[in-house]
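Read the single chain below, which is given as structure tokens and is the form predicted alone.
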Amino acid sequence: MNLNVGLNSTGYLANAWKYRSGDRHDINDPAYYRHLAEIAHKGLFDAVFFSDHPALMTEPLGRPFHTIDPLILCTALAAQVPDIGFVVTVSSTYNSPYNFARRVQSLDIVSGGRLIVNIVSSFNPNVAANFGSAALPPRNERYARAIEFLDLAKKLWSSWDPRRESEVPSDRFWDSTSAAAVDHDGAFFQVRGPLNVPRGPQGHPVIAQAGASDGGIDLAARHGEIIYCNILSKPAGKAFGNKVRERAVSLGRDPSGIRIVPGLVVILGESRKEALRKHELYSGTGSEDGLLERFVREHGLDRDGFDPDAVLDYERFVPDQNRQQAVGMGLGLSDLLQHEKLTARQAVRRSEGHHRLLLGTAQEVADEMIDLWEDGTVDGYTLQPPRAPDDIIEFVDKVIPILQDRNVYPRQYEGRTIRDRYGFSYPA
């Protein structure tokens, strides 16, 4: 079972910061992130995951969720914490392919092959406003750009390969024939190349992708190796995995190079009852009635006619494919309800922060994690702890040993690179 862990800010849930150890200045302190990475290393996580959003969200009741540039932060962490990998989120909408290819290939070399790049198509106009006066491009254009962005990056990553050098005469330092121009002339980018950074230890960094909209599925099928997504049940997970892999086959790609590693929110208790109360506390709703009230508000339901114990119609919760916000995360609930008959009272305990929610004892959580993994519905998980560092420490101390005793999780780091650890082939 592959496991990554999210390390953004004070933890994944916006209201849980009130119940964590540490202070509010942690989120801008590199030493704090080193501490989190060291905890993750103790738990033998494959990688630490940093999402990113290059705009400061200024809601007075919120908290900054993205501050230090993850590529810069992970460069420092890679020098201080061994073995563990780094998932760095980069926008294809607001980066140039050459600069992107150069920076991430450099970090993959510096880290010894421990980099995963999570490519996202920015959807927030606040981000667009930080990169000029042009409006945010429409969704279909953003995904078309992302596909060309990665097509071009792959050309650049392999454009200088010292292994292609013939025997170099003693009076020459190198053989320039080991590098070749890419001469890319596409709809969005014109780049000559070659890259001035040589091929890295993984060939190129592992590519992660998050998105379940039509454009996101296409991008994942073409380029994604680790797919970060929202899977709330086994039937929904199987349907999603089949959709991505079938699309990959239609594009001429071997689907064995794809790993499904969805987000997972875990809240542990000495009993399920204790975990339920923690959920109400960390979510900021205060009670089950509060969870139901939030459900009504978030989904625009009629308060007067709302029955929390009536079976929900999945069609009511299918997100608009053309909405501004990310479509993929919104699909989780409708996919769940399409496969299971649930009431609102049940549904509010199945998802938190758009990800699958597991509530209970460490043994119960481990059992549910293994259930989706052992039949291949998922290849692993990206743990999103409600509180950092508290819930990472608790997971490492209580759940990891159970997974190890069940022989589904390693007892030491194996493999030189992330490609080795995930069982990926190396790019030709």
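In case it trips you up, residue 1 is the first one in the sequence shown, and so on. As the structure is a computational prediction, the values presented were derived from the model and not from experiment.
One more form of this protein, predicted in complex with a further copy of the same chain, exists but is not displayed; see below.
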Any chance all of 62, 130 and 172 sit within 4.5 Å of a further copy of the same chain in the model of the complex, going by non-hydrogen atoms?
-> yes
Flag residue 360 as yes or no: does it have a non-hydrogen atom within 4.5 angstroms of any non-hydrogen atom of a further copy of the same chain in the model of the complex?
-> no
Using a 4.5 Å heavy atom cut-off, state whether residue 102 contacts a further copy of the same chain in the model of the complex.
-> yes
In the model of the complex, does residue 416 have a heavy atom within 4.5 Å of a further copy of the same chain?
-> no
Using the partner position in the model of the complex, report whether residue 318 sits within 4.5 Å of a further copy of the same chain, counting heavy atoms only.
-> no
Here the chain is shown alone; which of 72, 187, 311, 249 has a heavy atom within 4.5 Å of a further copy of the same chain in the model of the complex?
-> 72
Looking at 343, 256, 96, 287, which is the one with a non-hydrogen atom within 4.5 Å of a further copy of the same chain in the model of the complex?
-> 96
Heavy atoms within 4.5 Å of a further copy of the same chain in the model of the complex: which of the stretches 297-305, 216-224, 261-269, 192-200 has them?
-> 192-200
Which residues, if any, of 44-67 lie within 4.5 Å of a further copy of the same chain in the model of the complex when only heavy atoms count?
-> 52, 53, 54, 55, 56, 57, 58, 59, 60, 61, 62, 63, 64, 66, 67
